[in-house]
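A single chain comes next, written as structure tokens; it is the form predicted on its own.
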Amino acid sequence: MRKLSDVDKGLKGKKSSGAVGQSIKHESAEMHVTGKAVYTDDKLESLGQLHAAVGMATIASGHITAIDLSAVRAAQGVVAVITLDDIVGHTDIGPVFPGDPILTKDVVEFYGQAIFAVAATSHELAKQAVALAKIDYQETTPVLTIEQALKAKSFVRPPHSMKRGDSASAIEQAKHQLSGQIAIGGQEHFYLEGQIASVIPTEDGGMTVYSSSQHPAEVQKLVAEVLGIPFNRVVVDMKRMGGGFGGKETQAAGWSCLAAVLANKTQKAVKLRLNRSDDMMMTGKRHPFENHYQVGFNGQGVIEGIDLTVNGNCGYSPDLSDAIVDRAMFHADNGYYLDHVSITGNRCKTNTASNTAFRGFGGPQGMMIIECVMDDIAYSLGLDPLAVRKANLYGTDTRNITPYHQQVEHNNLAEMITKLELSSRYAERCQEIDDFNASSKFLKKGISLTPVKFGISFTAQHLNQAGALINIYTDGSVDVTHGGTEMGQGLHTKIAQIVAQVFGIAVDNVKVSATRTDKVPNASPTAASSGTDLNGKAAQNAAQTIKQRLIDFAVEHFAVDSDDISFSDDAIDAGQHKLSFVELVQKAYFARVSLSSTGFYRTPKIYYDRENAQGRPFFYFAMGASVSEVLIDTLTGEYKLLQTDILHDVGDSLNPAIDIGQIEGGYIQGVGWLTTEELHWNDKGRLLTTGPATYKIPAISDAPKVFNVELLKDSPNREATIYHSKAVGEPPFMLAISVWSALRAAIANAVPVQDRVKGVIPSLDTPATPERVLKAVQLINAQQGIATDE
């Protein structure tokens, strides 16, 4: 149940015609639900437009020994066929490190790797043509698992470590020791709009690219490099995506590049759209991880020393895996102070599609290991897991230094947990659950409260910058272009609110245009939850520049002091003079005052010395906490999510409706990752789960029956973010960890209290499918029997 009314009450005193802080609807909401929203595939086709398809490898590891494309070239409707030999510029499109060939003609490193591409007169004919290729291979044994990669020392990048204190000695000297591990499955992005690009040749030898991409500037760069032309000959236009979640941060670029090569060869517009099964086969996913720990702790469950290892399955190439595994390491502490700590991250190379960014960017996989530790400590000591979590939380004045030596400032996590305990009736429900479990033989309930502390900033320092362009027209309407991309998350809506707030005008008078590389150059990707933080500040900067010009003009024109000028309700007060915003704009225009400005912002304070594993990689931390209650059937492993209560800190919310929507959506997507979304490959490295028939994302029936989401009140961001808000895109995803922890509690409750042996720990890898839950129930019953006999 949403609590928007309560949030809005707290914002009444700060509302303005600019609408910052108000729950206004998404700027494209009506177009989304009526089908009028135009996506890349909906754009009107150009005269003679062609359609592309990609021929892919059908082995996971080996070499191409022969290739015959004669039947492909002769197929109906085929206009052009390209291979690696047709690339005149760069052939490697790796976003950070090399290793991502646009096409291969020799070595095959995953099932689905692109070998050639076809342009034909229709999508169907192009797909039929690629199936006619005759390719011979010399197969080699693929590396498909993290265990195999570690054994073979197969890595895409070297390992990295961070530490503070002496973890080995602290573990040895602690009263209690434990070791354990957890396997964490990957996740398909499953955006509603698949990977797609439409490319049109221009008269100057360049290209106009319409790409469903979170990073238009990178698409511009790579298309230009592949074609061997200057960047300024390529313009990328991105109005909206039908979802991205990280899957279109780097991996949208390759399809634009292939379409551009075909467009250049044919001098016709070319559209390349991947079918769902091809998309899932050929593109990377959330990294699966296998994490290990050794921990020493006292009788109250307080950690005294801990050694963590996080192993990410990166696929065949580096892509963004170095930074993703780094972020897993950065978040392996979650909200807990680890006094003597050592963390190592391995970037394992396997013969699968190169895994890539996904909401949370490695953070969720890192958090899972420490939450596993918290539960394991609690079960080993016979304590309430929440008591162990609270005993280990970061402090405010002491116990507040992370393993990478950043101070956790403005920490309100303990306060939030206390508030959520009360509002969710956590203690009372624990007793009610105990009573239910005592009287129910086969159905068992579990409950868990888990926190989230998520760092906000790109960990690559240079990406923490943004630009914007604002134009005011003589009718008073405002056009904004910024470097961020809209993928349904409401970024454009918040930017419009910010600009309207600066000028004191109605938000309906502000239009946010498509993201274009010829308007805002060198923009960072829309990722790392920084879209509003960065682009909102850049847009505010541009708006304030124009506003200052208007103020300077009004001071001179009306002979008043600048302190006498105010903007509100679409009007300007200048001493005794009152006029509309439009009138002021028109007067300024005739006085030859510029009504256009760029804006720029770069995040302050952040740095990271990777060699010494120390620094401040994050500008601030976003905090949240969730309580989830589940019911499992111990005979089948089936379960239901009964109730979820969330308290999340977004600072001073720019738009409570959008923020709560992001929290709800992120949480449900996280539930899918941890419970139902299971990826399967066969022993030859072919992905078997290639569509909704075999890969289960959450449906509305999987949402909790009772769903309470509340924003923390009176908690402005103490850092100088845009209107003191906090990022909300990724942090809520990890609130779903409470569901996994609640399932573990329910599994533990499968053994009656009177028969329970302290120290037996329920094991549950993810995704926690009903099959895994059933196996965990059977295992813990067997372990209890063994422990009792002993």
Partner chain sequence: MSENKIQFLLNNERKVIENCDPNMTVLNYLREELSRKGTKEGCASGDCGACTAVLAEVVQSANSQTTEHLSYQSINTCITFLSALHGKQLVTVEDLQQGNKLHSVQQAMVDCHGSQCGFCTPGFVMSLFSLKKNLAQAKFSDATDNSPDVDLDKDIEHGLAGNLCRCTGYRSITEAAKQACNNDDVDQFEHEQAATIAQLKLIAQQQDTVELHNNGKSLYLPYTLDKLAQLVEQYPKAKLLAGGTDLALSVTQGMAQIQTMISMSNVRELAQINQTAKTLSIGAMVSYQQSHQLLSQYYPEFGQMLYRLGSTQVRNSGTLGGNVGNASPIGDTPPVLIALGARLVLRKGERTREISVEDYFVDYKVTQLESGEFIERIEIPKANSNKHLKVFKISKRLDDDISTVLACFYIKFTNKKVAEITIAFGGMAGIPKRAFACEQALMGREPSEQNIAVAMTALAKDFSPMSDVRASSEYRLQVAKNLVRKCFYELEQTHAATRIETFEVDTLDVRGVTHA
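Remember, predicted model here, so these are calculated numbers, not experimental data. Residue numbers count along the first chain shown, from 1.
Omitted from view is the form predicted together with the partner chain, to which the following refers.
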property: The partner chain contact at residue 358 in the predicted complex, heavy atom, 4.5 Å; result: yes
property: Contact flag, residue 209 vs the partner chain in the predicted complex, heavy atom cut 4.5 Å; result: no
property: Distance check, residue 37 to the partner chain in the predicted complex, heavy atom within 4.5 Å; result: yes
property: is_contact(residue 32, the partner chain) in the predicted complex, heavy atom dist at most 4.5 Å; result: yes
property: Every residue of 664, 676 and 771 near the partner chain in the predicted complex, heavy atom within 4.5 Å; result: yes
property: Contact segment among 523 to 531, 370 to 378, 443 to 451, 334 to 342, judged by heavy atoms lying within 4.5 Å of the partner chain in the predicted complex; result: 443 to 451
property: Listed residue (188, 649, 290, 109) with a non-hydrogen atom within 4.5 angstroms of the partner chain in the predicted complex; result: 188
property: The unique member of 460, 642, 606, 80 whose heavy atoms fall within 4.5 Å of the partner chain in the predicted complex; result: 642
property: Stretch 607 to 631: residues contacting the partner chain in the predicted complex, 4.5 Å heavy atom cut-off; result: 631
